[in-house]
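The chain that follows stands alone, in the form predicted on its own, written as C-alpha coordinates.
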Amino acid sequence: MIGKQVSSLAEAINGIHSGATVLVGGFGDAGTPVALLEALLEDDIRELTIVANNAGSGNRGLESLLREDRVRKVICSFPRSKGSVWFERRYLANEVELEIVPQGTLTERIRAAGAGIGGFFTSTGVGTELASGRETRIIDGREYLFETPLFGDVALIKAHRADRWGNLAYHASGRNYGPTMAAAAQLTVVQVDEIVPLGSIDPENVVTPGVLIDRVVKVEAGKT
(Lines give C-alpha, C1' and ligand atoms only; values in the text may rest on other atoms or scores of the structure.)
Protein backbone atom coordinates (compact mmCIF):
# COMPACT_ATOMS: atom_id res chain seq x y z
CA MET A 1 0.00 0.00 0.00
CA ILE A 2 1.42 3.36 -1.01
CA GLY A 3 1.82 5.66 1.96
CA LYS A 4 3.87 8.87 1.97
CA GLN A 5 2.81 10.09 5.43
CA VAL A 6 5.40 10.12 8.22
CA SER A 7 4.64 10.60 11.88
CA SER A 8 7.11 13.29 12.89
CA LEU A 9 9.22 16.18 11.63
CA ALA A 10 12.34 14.24 12.60
CA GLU A 11 11.30 11.39 10.32
CA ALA A 12 10.41 13.86 7.58
CA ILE A 13 13.90 15.36 7.42
CA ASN A 14 15.79 12.13 7.99
CA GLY A 15 18.73 11.77 5.61
CA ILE A 16 19.18 15.45 4.81
CA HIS A 17 22.92 16.01 5.06
CA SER A 18 25.34 18.85 5.60
CA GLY A 19 26.28 20.58 2.34
CA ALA A 20 22.93 19.83 0.72
CA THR A 21 21.22 22.18 -1.73
CA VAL A 22 17.74 22.81 -0.33
CA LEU A 23 14.92 24.24 -2.43
CA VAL A 24 12.55 26.12 -0.11
CA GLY A 25 9.01 26.83 -1.28
CA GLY A 26 6.89 29.85 -0.48
CA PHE A 27 6.68 33.54 -1.27
CA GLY A 28 7.49 35.75 1.69
CA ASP A 29 5.60 34.18 4.59
CA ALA A 30 2.99 32.54 2.35
CA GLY A 31 3.60 28.84 1.83
CA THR A 32 6.93 28.72 3.64
CA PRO A 33 7.58 25.34 5.35
CA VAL A 34 8.64 26.90 8.65
CA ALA A 35 8.28 23.73 10.72
CA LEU A 36 10.46 21.69 8.36
CA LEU A 37 13.14 24.38 8.24
CA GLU A 38 13.27 24.64 12.01
CA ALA A 39 13.39 20.85 12.33
CA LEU A 40 16.79 21.01 10.61
CA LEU A 41 18.10 22.78 13.71
CA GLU A 42 17.58 19.62 15.74
CA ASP A 43 20.32 17.85 13.78
CA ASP A 44 23.88 18.99 13.18
CA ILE A 45 23.16 19.91 9.54
CA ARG A 46 25.40 22.70 8.25
CA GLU A 47 26.89 24.30 5.14
CA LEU A 48 23.51 24.35 3.39
CA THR A 49 22.87 26.05 0.07
CA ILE A 50 19.37 27.53 0.23
CA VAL A 51 17.38 28.28 -2.91
CA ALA A 52 14.34 30.45 -2.20
CA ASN A 53 12.45 33.50 -3.35
CA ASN A 54 13.86 35.58 -0.49
CA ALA A 55 16.19 35.24 2.50
CA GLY A 56 13.47 34.99 5.14
CA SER A 57 12.41 37.41 7.87
CA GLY A 58 12.32 37.65 11.64
CA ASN A 59 13.69 34.75 13.64
CA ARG A 60 11.71 31.86 12.19
CA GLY A 61 12.17 29.43 9.33
CA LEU A 62 15.05 30.29 7.05
CA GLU A 63 16.17 33.12 9.32
CA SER A 64 16.57 30.67 12.20
CA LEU A 65 19.00 28.64 10.08
CA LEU A 66 20.94 31.80 9.28
CA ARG A 67 20.91 32.82 12.93
CA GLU A 68 22.44 29.48 13.94
CA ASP A 69 25.07 29.69 11.16
CA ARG A 70 23.80 26.64 9.27
CA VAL A 71 23.77 28.26 5.80
CA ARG A 72 26.76 28.56 3.48
CA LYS A 73 25.05 30.16 0.49
CA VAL A 74 21.73 31.70 -0.45
CA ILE A 75 20.43 31.74 -4.03
CA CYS A 76 17.42 34.03 -4.22
CA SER A 77 15.77 37.01 -5.89
CA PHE A 78 15.16 39.25 -2.87
CA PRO A 79 17.89 38.93 -0.21
CA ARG A 80 16.84 42.09 1.61
CA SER A 81 13.21 42.13 2.59
CA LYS A 82 11.47 43.44 5.70
CA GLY A 83 12.84 41.61 8.70
CA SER A 84 15.74 39.83 6.97
CA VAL A 85 17.99 40.74 9.89
CA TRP A 86 20.06 37.58 10.18
CA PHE A 87 20.84 37.30 6.49
CA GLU A 88 22.11 40.88 6.48
CA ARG A 89 24.29 40.27 9.53
CA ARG A 90 25.82 37.11 8.09
CA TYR A 91 26.37 38.65 4.67
CA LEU A 92 28.04 41.80 5.99
CA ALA A 93 30.32 39.61 8.10
CA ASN A 94 31.26 37.55 5.00
CA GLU A 95 29.75 34.46 6.64
CA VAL A 96 27.32 33.60 3.85
CA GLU A 97 27.56 33.73 0.06
CA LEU A 98 24.85 35.27 -2.11
CA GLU A 99 23.81 34.56 -5.68
CA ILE A 100 21.07 36.88 -6.91
CA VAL A 101 18.84 35.50 -9.65
CA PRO A 102 15.98 37.50 -11.21
CA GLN A 103 12.65 36.11 -10.06
CA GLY A 104 11.42 34.85 -13.41
CA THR A 105 14.81 33.34 -14.19
CA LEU A 106 14.91 31.63 -10.80
CA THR A 107 11.53 30.04 -11.45
CA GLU A 108 12.52 28.91 -14.93
CA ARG A 109 15.84 27.47 -13.78
CA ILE A 110 14.02 25.33 -11.22
CA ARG A 111 11.37 24.34 -13.76
CA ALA A 112 14.09 23.41 -16.25
CA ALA A 113 15.66 21.08 -13.70
CA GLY A 114 12.37 19.29 -13.17
CA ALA A 115 11.58 19.11 -16.88
CA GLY A 116 14.96 17.74 -17.95
CA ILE A 117 15.90 20.87 -19.90
CA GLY A 118 19.65 21.41 -20.19
CA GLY A 119 19.43 25.20 -20.12
CA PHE A 120 17.77 28.16 -21.80
CA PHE A 121 18.42 31.65 -23.12
CA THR A 122 16.79 34.76 -21.65
CA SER A 123 17.19 38.46 -22.23
CA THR A 124 16.84 39.16 -18.51
CA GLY A 125 20.15 40.31 -17.04
CA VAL A 126 21.81 41.11 -20.37
CA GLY A 127 24.02 44.18 -20.07
CA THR A 128 24.19 43.99 -16.26
CA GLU A 129 26.70 42.61 -13.76
CA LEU A 130 24.66 39.41 -13.70
CA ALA A 131 25.91 38.67 -17.22
CA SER A 132 29.59 39.21 -16.42
CA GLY A 133 31.68 36.30 -17.72
CA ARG A 134 28.57 34.39 -18.80
CA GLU A 135 27.69 32.85 -22.16
CA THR A 136 25.52 35.01 -24.41
CA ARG A 137 24.11 34.55 -27.89
CA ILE A 138 22.54 36.79 -30.50
CA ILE A 139 19.18 35.37 -31.60
CA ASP A 140 17.18 37.25 -34.25
CA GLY A 141 19.29 40.32 -33.61
CA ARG A 142 18.79 40.34 -29.84
CA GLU A 143 21.29 39.34 -27.15
CA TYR A 144 20.37 36.57 -24.72
CA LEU A 145 22.02 35.16 -21.60
CA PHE A 146 22.35 31.40 -21.10
CA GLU A 147 20.98 30.03 -17.83
CA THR A 148 21.43 26.52 -16.44
CA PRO A 149 18.91 24.34 -14.56
CA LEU A 150 18.87 24.59 -10.77
CA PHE A 151 18.58 21.22 -9.05
CA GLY A 152 18.08 20.46 -5.37
CA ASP A 153 19.21 17.58 -3.21
CA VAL A 154 15.99 18.17 -1.30
CA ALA A 155 12.88 20.34 -1.64
CA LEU A 156 11.02 21.49 1.46
CA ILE A 157 7.56 22.76 0.58
CA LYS A 158 4.21 23.45 2.22
CA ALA A 159 0.74 22.54 0.97
CA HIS A 160 -2.75 22.84 2.38
CA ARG A 161 -3.96 19.26 1.92
CA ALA A 162 -2.47 15.91 0.99
CA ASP A 163 -3.71 12.34 0.78
CA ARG A 164 -1.62 9.32 1.74
CA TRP A 165 -0.34 9.01 -1.82
CA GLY A 166 1.13 12.51 -1.60
CA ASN A 167 -1.24 14.28 -3.99
CA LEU A 168 -1.22 17.96 -3.03
CA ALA A 169 -3.64 20.88 -3.05
CA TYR A 170 -2.43 24.34 -2.08
CA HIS A 171 -4.08 27.41 -0.63
CA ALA A 172 -3.89 30.63 -2.68
CA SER A 173 -0.40 32.13 -2.98
CA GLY A 174 1.02 29.37 -0.78
CA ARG A 175 1.33 27.51 -4.07
CA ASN A 176 4.29 29.63 -5.16
CA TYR A 177 7.39 27.59 -6.08
CA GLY A 178 6.08 24.37 -4.52
CA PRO A 179 5.05 22.56 -7.72
CA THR A 180 8.24 23.34 -9.64
CA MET A 181 10.53 22.60 -6.70
CA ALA A 182 8.85 19.24 -6.09
CA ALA A 183 9.92 18.15 -9.57
CA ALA A 184 13.47 19.50 -9.31
CA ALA A 185 14.77 17.71 -6.21
CA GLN A 186 15.95 14.18 -5.47
CA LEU A 187 13.96 14.19 -2.21
CA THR A 188 10.75 16.18 -1.74
CA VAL A 189 9.29 16.65 1.74
CA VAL A 190 5.97 18.40 2.35
CA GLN A 191 4.39 19.81 5.47
CA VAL A 192 0.61 20.08 5.27
CA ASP A 193 -2.25 21.42 7.35
CA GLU A 194 -4.43 18.39 6.73
CA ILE A 195 -4.15 14.83 5.48
CA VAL A 196 -7.38 13.62 3.91
CA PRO A 197 -8.66 10.23 2.68
CA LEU A 198 -7.94 9.12 -0.87
CA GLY A 199 -10.47 10.62 -3.26
CA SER A 200 -11.16 13.65 -1.05
CA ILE A 201 -9.13 15.93 -3.31
CA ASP A 202 -10.84 16.45 -6.65
CA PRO A 203 -8.38 15.32 -9.34
CA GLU A 204 -8.90 18.68 -11.04
CA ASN A 205 -7.55 20.35 -7.88
CA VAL A 206 -4.43 18.21 -7.53
CA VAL A 207 -1.62 20.62 -8.37
CA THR A 208 1.31 18.37 -7.48
CA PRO A 209 0.84 14.64 -8.10
CA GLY A 210 2.03 12.21 -5.47
CA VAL A 211 4.59 10.64 -7.81
CA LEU A 212 6.77 13.71 -7.15
CA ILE A 213 6.46 13.51 -3.35
CA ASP A 214 8.53 11.35 -1.01
CA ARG A 215 7.30 12.31 2.46
CA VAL A 216 4.31 14.15 3.92
CA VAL A 217 4.04 15.32 7.51
CA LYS A 218 1.06 17.00 9.12
CA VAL A 219 1.90 20.06 11.18
CA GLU A 220 -0.61 21.35 13.71
CA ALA A 221 -1.99 24.85 13.24
CA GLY A 222 0.11 27.48 14.97
CA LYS A 223 3.35 25.52 14.50
CA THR A 224 3.89 26.38 10.84
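Counting begins at 1, following the sequence as shown. In this text, all values refer to a predicted model and were calculated from it rather than measured experimentally.
We do not show the form predicted together with another copy of the chain, though everything after this point is about it.
In the predicted complex, residue 134 stays away from another copy of the chain, with no heavy atom inside 4.5 Å. Residue contact check for residue 171: one or more of its heavy atoms lie within 4.5 Å of another copy of the chain in the predicted complex. Although the partner is absent here, residue 18 is not a contact residue: none of its heavy atoms lies within 4.5 angstroms of another copy of the chain in the predicted complex. Not displayed here, another copy of the chain is approached by residue 175 to within 4.5 Å at the level of heavy atoms in the predicted complex. Along 91-120, residues 108, 111, 116, 117, 118, 119, 120 each place a heavy atom within 4.5 Å of another copy of the chain in the predicted complex.
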